[in-house]
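Encoded as structure tokens, the following chain is the form predicted alone, with no partner shown.
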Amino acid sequence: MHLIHQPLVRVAAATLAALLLTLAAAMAGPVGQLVITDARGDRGMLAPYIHGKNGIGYLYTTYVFDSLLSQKKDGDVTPALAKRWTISRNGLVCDIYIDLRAHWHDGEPVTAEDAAFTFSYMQEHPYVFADVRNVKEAKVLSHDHLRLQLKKPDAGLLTGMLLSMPVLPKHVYADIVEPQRFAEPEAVIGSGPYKLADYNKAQGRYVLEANADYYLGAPKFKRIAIVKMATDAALRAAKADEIDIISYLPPERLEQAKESGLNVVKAFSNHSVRLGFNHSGRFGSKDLRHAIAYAINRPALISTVYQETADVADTGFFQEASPWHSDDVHPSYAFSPRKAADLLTAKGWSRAEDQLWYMDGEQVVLRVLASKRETKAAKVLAEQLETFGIKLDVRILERAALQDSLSEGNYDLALYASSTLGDPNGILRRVFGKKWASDGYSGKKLRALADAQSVATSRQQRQDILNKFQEVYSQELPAYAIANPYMVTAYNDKLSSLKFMPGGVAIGVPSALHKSYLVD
């Protein structure tokens, strides 16, 4: 047991808050500087292989490293390091023409050699957010002309790989054998609109300086500071004009931010809270998955846990705000203890006089794993299922422990949040992958649809296939989406008309802070 001296904690917290407020005040003064607060703080050094393996770490890194393609504010792809591109009729060859106005932060020019090197390097050193295994060859035809030969057509080539993959400087990374350990100052030499000038891991603080030679326009701010600050302190600092943006404001604090004079932007996160099933155990049965779904009252759970800060999620994987969401109505599995009981009985479960469920004479006890963030939801879920007669063994775990337990398959049900944004090829890992936040599903019909959309030859064909995918997903129910929470960003008048990007930023990061807002 760990004993914590509460008064000392409060003093330390107050001291830290004062320090951060002083830093923020110093940074926020003259026009041309922007201070962003982040309640968590450290996201790792902003280099591709050492930033935090989460969406926010990736997002901050995109301020420093450009990809071949970028996004407009509406989410559509737009040129970045690639000023133009063509794709052959058979979808196997992509010619990319590099914008030779681009330079690395050390002054060296960006060329097709750098892009070709990046594909080769990431084949040897896989990068968590860009899968380049479908690239058969990356051939340099001239200083600005790169030809990609693919192993198979890729419907997500533009909106997936070319958008998400940060291009690396060959002259920096060519001799780096272990990029996961490469944290020297050279590791952050990118080609993006801002340079990383300072990083303090202990304080969770970043200072970015404008890249005055940025090829796509002048950075809007001379300096950006990203500082760790809890919500209460951030709201006080915003009211005193000491900070400019609260990147992720708890939705229930929205009105308070308005009263502090901040603008707010609110949108569904599409980072839905999902109930995962262990398909290698008893929940390999679709009927049992359906039974659990019918035994859960999602509107009541959301009303209790999230109040007005979330809505009932769509069961077809993609959520309503996704560009790929189907207009079809998917099964809602409205709360029905009778349907749940019928399905369980048909699978050999029986309910005894004590109103508890048994299987083969043994009381059914389901092990439920949940992340700490979903503690309240797990508690209400347990209350609902235990009222229905299913005993639960709920384990609330830190993120690392949760990942380990899920990977080991040591559970029946799991409650966690995961993204449904980004290029649809993400379903291949999010539904069929083996990593902890994947559904871990292996149904052939659904897999065939996922594969078919990945090689579709037109957007309409891809949408049609994805519509069918969502229909089948909602019927097979590899995971049961419970809630789609809102996200809120609060900001002052240094920026205008921020919006959460439809479909998410690049890999699917739900954010209103895409770098297009930081460049004139």
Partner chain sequence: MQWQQVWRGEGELMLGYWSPITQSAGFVSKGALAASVILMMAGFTLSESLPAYKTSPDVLHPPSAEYWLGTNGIGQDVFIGLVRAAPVTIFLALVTATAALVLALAASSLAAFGGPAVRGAVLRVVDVLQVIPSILLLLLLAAWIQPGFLGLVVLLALTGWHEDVRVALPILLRELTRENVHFARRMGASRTYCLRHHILPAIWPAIVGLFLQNVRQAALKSAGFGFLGLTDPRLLTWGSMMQDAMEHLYTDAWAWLLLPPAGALSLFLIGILIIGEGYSQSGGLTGKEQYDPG
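Computed from a prediction, not measured in an experiment: that's the story for all the values here. Positions refer to the first chain, counted from 1.
Keep in mind that the form predicted in complex with the partner chain is not shown, yet the notes after this line are about it.
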Exercise for the section: Identify, from the list Thr304, Thr78, Gln149, Ser407, the residue with a heavy atom within 4.5 Å of the partner chain in the predicted bound form. Expected result: Thr304
Practice task
Identify which of Glu108, Glu383, Asp213, Glu209 has a heavy atom within 4.5 Å of the partner chain in the predicted bound form; exactly one of them does.
Solution key: Glu383
Problem - Candidate site Gln256, Lys376 and Glu398: all three near the partner chain in the predicted bound form by heavy atom within 4.5 Å - result: yes
Handout entry: Partner proximity in the predicted bound form: Asp393 to the partner chain, non-hydrogen atom cutoff 4.5 Å
Key = yes
Handout entry: in the predicted bound form, Asp175 touching the partner chain (heavy atom, 4.5 Å)
Key = no
Exercise for the section: Please check if Asp232 has a heavy atom lying within 4.5 Å of any heavy atom of the partner chain in the predicted bound form. Expected result: yes
Exercise for the section: May I ask you to check whether Glu252 falls inside a 4.5 Å heavy atom distance of the partner chain in the predicted bound form? Expected result: yes
Problem - Which of 110-118, 429-437, 313-321, 368-376 sits within 4.5 Å of the partner chain in the predicted bound form, heavy atom basis - result: 368-376
